[in-house]
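Heads up, the chain below is alone and in the form predicted on its own; it's given as structure tokens.
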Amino acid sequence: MSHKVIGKSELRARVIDKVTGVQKYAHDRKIHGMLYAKLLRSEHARAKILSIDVSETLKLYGVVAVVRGEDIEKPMPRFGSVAQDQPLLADGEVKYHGEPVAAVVAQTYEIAEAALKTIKVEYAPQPSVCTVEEALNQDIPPVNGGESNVFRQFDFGWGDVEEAEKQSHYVLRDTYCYPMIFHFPIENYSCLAAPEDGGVVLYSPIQHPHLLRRVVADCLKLPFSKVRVIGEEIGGAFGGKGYAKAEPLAAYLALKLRTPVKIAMDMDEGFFMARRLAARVDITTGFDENAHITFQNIIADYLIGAYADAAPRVVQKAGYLSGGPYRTPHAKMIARAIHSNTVSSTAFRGFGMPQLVWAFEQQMNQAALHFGMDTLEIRRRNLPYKGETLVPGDIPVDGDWHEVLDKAAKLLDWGKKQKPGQGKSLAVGIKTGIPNSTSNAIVKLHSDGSVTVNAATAEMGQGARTVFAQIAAEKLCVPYQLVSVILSDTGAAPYDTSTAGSRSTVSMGTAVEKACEDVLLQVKELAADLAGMDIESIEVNEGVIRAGEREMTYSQLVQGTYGPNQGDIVGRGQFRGDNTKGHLLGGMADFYEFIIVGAAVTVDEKTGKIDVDKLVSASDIGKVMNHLQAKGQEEGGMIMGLGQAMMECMRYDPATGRLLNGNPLDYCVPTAMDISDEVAGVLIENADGPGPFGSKGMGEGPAIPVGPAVGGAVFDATGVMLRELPITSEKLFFALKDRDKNKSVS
């Protein structure tokens, strides 16, 4: 089926404003009479607060108020999307380096920042935990009291793992580690709160405006109707701006002082706001004599930080799919969310799956070596076919994953002879969308034939505003240029669960599609009334309404119906995900996001230096909505994954628990000089997805398997298997020394 708008490379909405610096962000917003708040942050990872002296601070010109934890009513208001455990300000103790202990509110940003230096805090430092091993050490008091640091444990599985292990031809056991990683958005964290109509309005670059409304309302004991969230344009998020951070405190200060209050942070402060979950994955996999997986036994320990944020849901959802994309007849999975004295972790592109994919894909490479088998072949033998069961009780495999594998291998010139020091590898990435979710949309057909789409999805770089306009233009047969899209205002847009999980095109796109269908139904009803005919006799084709011999445009119909005052036809649409009673995640997956990434590398064994010569990807996408945007998502995701594979890591001082590289100079991310020489990809369209025109979600997938793709290529080039990210030259250098030492001994 040919489409007029869908699949075309329409330029992303507002892209010119962004690249030319015209676009305004939350940091730029000003409201008359607003005040500025700056946060004093703890220098300790764990400590009792003995006193906070603000007497000198209050004397400073331009300082309006100083708020400490002890100044806030008790019990301390707390917030969180999963658990209401995070205080507005540290409540008698600090639990991570960088936790806010006081807020200075002043007439200018500069005054507030300078005033922080006059506050005197006396602490009593306590032993802190920064690693999985320390967090599970019973000799150190748990971060949040209780019996242990295990906040929540999730158990999954099927079959008989113990018996399968006895019957297995080969059993491989190993442990893999994944570091803490910062989202590194270029736009700093900022928000503005203002009293409004007995409540508060929040301006924030938030991914989930309706969720933020709920969290702030619960924290401050306000009705939902008294909390309005206006989502600002987002300058980088990747999951790190999905959940409440400084917004509850900003709302509290605005209501307390009865004036708008803005919290604007610098880039260094972002390192104290969010991170990806670190993980230690113990994985045991069995194989039969033909290298088919017989069972998997996995314990995944995720280090979530001082407070829950969204991390427990990340752990649960990833643990559910911890067997990966392979046919696994017997499985046992334990996923644990473990507290530590570090900044809280949250959602990040891939939602817990990069940690697991790093483990089981490296293990597949090791298994191939044992069987003397090509690493492509061992994956081909274990990937299920379309319609097969992946996780019992969930949707079957929804794509031709073998086609994806073959096309990725072709892009990487699989089988082509390599020079010494060169290696290549493929790695499989997978994740599910958000189950049991809801999206609502409103589409308005105006009297001049133009269209407005209203949705609560956040535009965070994925191009939702453009794609929704394309869907509406295609369904209503109007020019793309006549469609406007308004996003992310809880006071105007109907409810949406979230902008996450690669769900926007599938879920909100479906809601937009259904709203357009509602518009078309109303068009037929109005035309039938106007023409005095039955609705079954009305045809709408290519934007033209036919009522017998009479033809009308949308504009003529609406103006003919409503007269000189004109009017709108308002359509409503809803998407509702599966809600299976008793399902471990609340419902079955809407789709599988499936991708294969390949890497070709050259290793200098004298120095350990790794050059990534080529990165490729093949994605099971269902249907491409916008080729230019989809290509950008794939390439951008791979480059992000490359940084996380080879350089990114938040480093904490083991003695003090202080973050050592929490700034853009010491925390390394890829530059143009680090990007691979060649980046290529293919988008596989079989129109077999649940979204509009057969689409599936995409965008998160490319960042998931880059680590094991690079790690596997290094293994292919050197025979050295690394089990901890990032794969730095230094780490590889010493591993090569150990390899050579062992060779000489043998």
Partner chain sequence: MLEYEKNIRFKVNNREYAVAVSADESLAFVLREKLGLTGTKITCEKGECGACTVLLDGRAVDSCLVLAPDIDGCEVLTIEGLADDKGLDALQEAFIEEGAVQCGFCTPGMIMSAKGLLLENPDPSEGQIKKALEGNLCRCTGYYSIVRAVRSAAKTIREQASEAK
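Numbering follows the first chain given and starts at 1. Since this is a predicted model, take the numbers as computed values, not measurements.
The following text describes the form predicted together with its partner chain, which does not appear among the structures shown.
- Interface residue among N382, N188, T510, N297 relative to its partner chain in the predicted bound form, by the heavy atom within 4.5 Å criterion: N188.
- Contact annotation: of the candidates V544, I535, A124, L665, the single residue with a non-hydrogen atom within 4.5 angstroms of its partner chain in the predicted bound form is L665.
- Its partner chain in the predicted bound form is not approached by W401, whose heavy atoms all lie more than 4.5 angstroms from it.
- Looking at F184, you'd find a heavy atom of it within 4.5 angstroms of its partner chain in the predicted bound form.
- Although the partner is absent from this view, V601 stays clear of its partner chain in the predicted bound form, with no non-hydrogen atom inside 4.5 angstroms.
- Although the partner is absent here, Y25 lies within 4.5 Å of its partner chain in the predicted bound form, judged by heavy atoms.
- Of the candidate stretches 577-585, 227-235, 429-437, 154-162, only 227-235 contains residues with a heavy atom within 4.5 Å of its partner chain in the predicted bound form.
- Of all the residues from 639-674, those having a non-hydrogen atom no more than 4.5 Å from its partner chain in the predicted bound form are I639, M640, E648, N663, P664, L665, V669, P670, T671, A672, M673.
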